[in-house]
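In structure tokens, one chain follows: the form predicted alone.
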Amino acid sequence: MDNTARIILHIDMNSYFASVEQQANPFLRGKPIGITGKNQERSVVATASIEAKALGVKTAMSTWEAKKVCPSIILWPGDPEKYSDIMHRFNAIYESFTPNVEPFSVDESFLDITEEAEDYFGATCMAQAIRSRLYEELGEHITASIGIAPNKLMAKLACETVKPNGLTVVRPHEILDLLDRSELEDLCGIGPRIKERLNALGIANFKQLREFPRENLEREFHSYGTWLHEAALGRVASAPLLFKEGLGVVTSQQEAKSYGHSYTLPQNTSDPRVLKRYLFGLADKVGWRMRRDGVVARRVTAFVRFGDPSTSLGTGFSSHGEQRTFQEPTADGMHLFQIAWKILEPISLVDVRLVGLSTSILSGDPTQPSLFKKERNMTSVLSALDELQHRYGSGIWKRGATLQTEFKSRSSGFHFDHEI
């Protein structure tokens, strides 16, 4: 089978954090639950159970709004280590069917089963076999929706069409029909802002997007316009900055697409000194994880969430996030902090309740020595500190600038509170 005729599975665990907790705790089964950060009163719902979603609770709702919508909801503190363990277990199941497994997030993976399945009938049988293994090894309350299509973008869209516990097959000749049954924002890579700009051009659906002159899209969106045109035809393999490149899945060691931490502050603040300390601490956490995994980044995204309830945003609180791309990749927490603070400093930082940053555009760390002695010295210092962290744990050292900063509950590497 040639490289343009792949068969890709996208497997997405349903209400993942919530279903894991329901599998582990019979008391929670059949009840509306919301998984939160440890500081529940100042957190958001990271995942709502199927029962909670049926009653109107949405992911990223503030906990107070979730209680208002569903007074019977049970708020349950998340357990990232448990979710990570289950993630490794279900990816191990996938790898028993094909070596071509690409984790996309903590609860989603892509599988290239082109060679193993041979055709879409074989792919459907394999998907059902995977579902049976998940049931047997993880339990009946941890379910998955599966999409099958010729590329990752269409497989993910197919997966979203039937939830929970759905199985959707989209063959090459059915792609345009799938797109025309979908809303613009259903496609991974088209967010609210892109949708608004498309609507302003008179584009409200994928048929209109296909028929819109490509050169006009490129004039409006530049290279993204090219992607939008191809996406409307179902011909692109992935979404910009969201998937790795290629028609099939990528199984290199660089599995992470981004590294990030966010933190809900003990109390809202407008003091830039406090925000800088927390941001600096988060930057060091991100830098340490990147160096541990041997990667560097060329993009930093910084974001804050304010303490002003704003139901128009759907999350309960207004947010602001921007990103910067730079030439020289880095995994140094100091550099990450400096870039992130340049992003946030011009913003009116009043009544901030959450701060965070993430890195992306990752590559392997070339470990090329710097031409400058000061930077070489800093690299040596970080290497020594990393060795201490490997041996004694990630909290073994702190910068003097962050001594007054105490993260009272674990900042979330799974972005419990992070929603840009």
Partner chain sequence: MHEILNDPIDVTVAFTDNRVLPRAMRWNEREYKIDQVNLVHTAREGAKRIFYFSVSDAANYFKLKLDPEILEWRLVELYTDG
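Residue numbers count along the first chain shown, from 1. This one's a predicted model, so the numbers in the text were calculated from it and none came from an experiment.
Beyond what is shown, the protein has a form predicted together with the partner chain; the following relates to that form.
Asks: Given that the partner chain is not shown alongside this chain, does residue 211 nevertheless sit within 4.5 Å of it in the model of the complex, heavy atom to heavy atom?
Replies: Taking the distances in the model of the complex, the answer for residue 211 is no, it never comes within 4.5 Å of the partner chain.
Asks: Within a 4.5 Å heavy atom cut-off, is residue 82 in contact with the partner chain in the model of the complex?
Replies: Residue-level check for residue 82: yes, a contact with the partner chain.
Asks: May I ask you to state whether residue 31 is within 4.5 Å of the partner chain in the model of the complex, using heavy atom distances?
Replies: Answer yes; at least one heavy atom of residue 31 falls within 4.5 Å of the partner chain in the model of the complex.
Asks: Answer yes if any heavy atom of residue 77 is within 4.5 Å of a heavy atom of the partner chain in the model of the complex; otherwise answer no.
Replies: Yes, residue 77 sits close enough to the partner chain in the model of the complex that at least one of its heavy atoms falls within 4.5 Å.
Asks: Between 343, 86, 203, 117, only one gets a heavy atom within 4.5 angstroms of the partner chain in the model of the complex; which residue is that?
Replies: Partner contact (heavy atom, 4.5 Å) among the options: 86.
Asks: Which of 277-285, 211-219, 86-94, 260-268 has heavy atoms within 4.5 Å of the partner chain in the model of the complex?
Replies: Every other range fails; the passing one is 86-94.
Asks: Even though the chain is shown alone, can you say which residues of 5-35 have a heavy atom within 4.5 Å of the partner chain in the model of the complex?
Replies: Heavy-atom contacts within 4.5 Å come from 20, 23, 24, 25, 26, 27, 28, 29, 31.
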